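Heads up, the chain below is alone and in the form predicted on its own; it's given as structure tokens.
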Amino acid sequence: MNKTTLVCGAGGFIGSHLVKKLKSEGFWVRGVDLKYPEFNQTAADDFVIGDLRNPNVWEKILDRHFDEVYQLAADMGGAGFVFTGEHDADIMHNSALINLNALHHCTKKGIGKIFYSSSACMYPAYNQESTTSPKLSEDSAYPAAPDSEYGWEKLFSERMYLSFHRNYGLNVRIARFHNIFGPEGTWKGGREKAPAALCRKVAETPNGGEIEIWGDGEQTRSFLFIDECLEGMRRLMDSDFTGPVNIGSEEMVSINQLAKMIMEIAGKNLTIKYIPGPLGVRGRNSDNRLIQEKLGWAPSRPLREGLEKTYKWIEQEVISFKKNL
């Protein structure tokens, strides 16, 4: 018998890639989301269009035993969505409801184990004021002071998963994602993250032109290519470690460096215009000591390798989008 798995948020970027990986490993996969994947056909054996805020949807999708559940569904986006403050109520309400439902119904149905995707956004802002030496080891989460309501909801949900683990014996795995990127992700519309936004700007701008960056471009981040994210998730699920654990890259770059790397990949020489915009923390980088210790593995692929694949895909999207205008 194939192992069975449920992917919540299977229409999203990470979820749709995860479904493909699980299928390649021989799982029977059911996906659920408000929508089908935007850029490809789902690889799921069964795909349910449903609102995970609704308890009745959980009753419907958990109509059989699942060895594994991956809870990736959330109301989220990049800095332009998370840090303006305009979406705080929806972000907290929608994501918390999904997780409340997930825990209640998965406990009731006796599923094998459940993975929860938390975020580096739950780390305290006071440890991320330096662009060169931010502190994001897993044990630095408290005293809590995330810089966004998105981060607060992630922190609350982490604690909720751990509470259900303690009180009801639910077998949970928690990972804190650090800026996952790659092909077939959102690249326009306001919810895209920095790598996709910059790939789009560079692809749309003729050589010698100008692109805009929020702030001074000196804020630092690390970015993890989707393939390594999936590898980390699967290794964590197969381990005995509950987490939380960082799944991210330790290759920290400034947004200026990221932009220049994308320009090099595109073979373009562009100037940068700095404009006001939502920035988030000054510095963020994954600390991979714990994942190395617990799983004997950590992400190691160079950023440029993933960016080359992502730029190529976004460039094609931009070309076909312009053709269809």
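These numbers come from a predicted model, not from an experiment. When you see a residue number, it is the position in the sequence shown, counting from 1.
The discussion below concerns the form predicted in complex with ligand NAD, not included here.
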Heavy atom within 4.5 Å of ligand NAD in the predicted complex, from candidates 136, 74, 255, 114, belongs to 74
From the list 220, 119, 128, 249, which entry has a heavy atom within 4.5 Å of ligand NAD in the predicted complex?
-> 119
Indicate whether residue 34 is a 4.5 Å heavy atom neighbour of ligand NAD in the predicted complex.
-> yes
Consider residue 193 of the chain shown here, and say whether it contacts ligand NAD in the predicted complex, taking contact as heavy atoms within 4.5 Å.
-> yes
Please check if residue 205 has a heavy atom lying within 4.5 Å of any heavy atom of ligand NAD in the predicted complex.
-> no
Although ligand NAD is absent from this view, report whether residue 52 comes within 4.5 Å of it in the predicted complex, heavy atoms only.
-> yes
Given that the partner is absent here, state which listed stretch (158-166, 174-182, 138-146, 102-110) has heavy atoms within 4.5 Å of ligand NAD in the predicted complex.
-> 174-182
Can you name the residues of 1-34 that have a non-hydrogen atom within 4.5 angstroms of ligand NAD in the predicted complex?
-> 9, 11, 12, 13, 14, 15, 33, 34
